[in-house]
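Okay, so here's just one chain, in structure tokens, the form predicted on its own.
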Amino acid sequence: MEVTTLTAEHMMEFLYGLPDQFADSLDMTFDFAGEYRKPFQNIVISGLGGSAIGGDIVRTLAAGRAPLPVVVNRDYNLPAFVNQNTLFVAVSYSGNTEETLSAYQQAREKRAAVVCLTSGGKLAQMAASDGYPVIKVPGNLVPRAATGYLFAPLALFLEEIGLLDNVRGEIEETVQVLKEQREILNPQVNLPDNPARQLAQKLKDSIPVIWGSSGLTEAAALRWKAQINENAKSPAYYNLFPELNHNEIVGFEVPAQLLAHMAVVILRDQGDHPQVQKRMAITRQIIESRVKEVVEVSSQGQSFLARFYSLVYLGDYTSVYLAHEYGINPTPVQVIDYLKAELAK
């Protein structure tokens, strides 16, 4: 089925199925893992767009528990430090992302330890030819709706080779939290009882600005921004505490007419640094009278992954309901398709 034939109902089906992606991933096995139990110096995860978000989540998860740095590469070229002591993961849902294919070829030349995560395409073909393992995921989704498949198998593989811990337990909790959430976020639940529908109405006819904090909500804020861009076809921007208090906060004085059309969403988590929590409260006081709306959203669950995905899931549904508010089919991304076609000429 071509992406351009998909409807808004398909996107809602994709969203409803997200918990099942995590559950499916728990059944995956990694027979090749033994080859990758070695003392790497770093991990580089290469991908773009929806295929990169899994890498961002791994990066933020690993920052507090992995013994080595994790870098997400969104480019044709790899960082100069990549060498035979690097674990390189190429992530492309379609398998045809040209930047990722370029990075893959460079990783091969640098003799990095390569693993690929994809549903097929050129990447799977190249990996098979070169003898690299492929973590194969189902290919009947659009990349931004496949975040469970683009994150969970990667994290489980890293747990399998000893670089992350307790991933399986956190994914199990994530499945339960998301199943509970979807019962109040799905289209069968009307506005008064549906938080995502309520948020979409608040964001309509505004420029959404999503603020998270360094750590758990960092990648969640990026995800909200990207989902509003792709699903609602609307501009949206994101930034992080405490950094935004050192620059962006000063930019809420003029022009008043533009500020009056901005809606700020602050993503909160129980793990936010106490000083960051104070910064959020003070910042809200500073801007509240100058912008259209300030909304705070809090994570749910106990583990890092459950709390993270509880924020992501609400943002995903909100972006699709925002598309509905504008009368837009959220699923096609015609501008991206056009751009890729022009680049291919």
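In this text, residue numbers run from 1 along the sequence as written. Quick caveat: nothing in here was measured; it's all calculated off a predicted structure.
This protein has a second form, the form predicted together with fructose -6-phosphate, left out of what is shown; the following refers to that one.
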{"query": "Among 213-221, 88-96, 251-259, 124-132, the region lying within 4.5 Å of fructose -6-phosphate in the predicted complex by heavy atom distance", "finding": "88-96"}
{"query": "Contacting member of 333, 328, 23, 12, with respect to fructose -6-phosphate in the predicted complex [4.5 Å, heavy atom]", "finding": "333"}
{"query": "Proximity to fructose -6-phosphate in the predicted complex, single hit among 294, 48, 33, 62 (heavy atom within 4.5 Å)", "finding": "48"}
{"query": "Partner contact for residue 230 in the predicted complex: fructose -6-phosphate, 4.5 angstroms, heavy atom", "finding": "yes"}
{"query": "Exercise: residue 114 in contact with fructose -6-phosphate in the predicted complex, heavy atom 4.5 Å", "finding": "no"}
{"query": "Partner contact for residue 142 in the predicted complex: fructose -6-phosphate, 4.5 angstroms, heavy atom", "finding": "yes"}
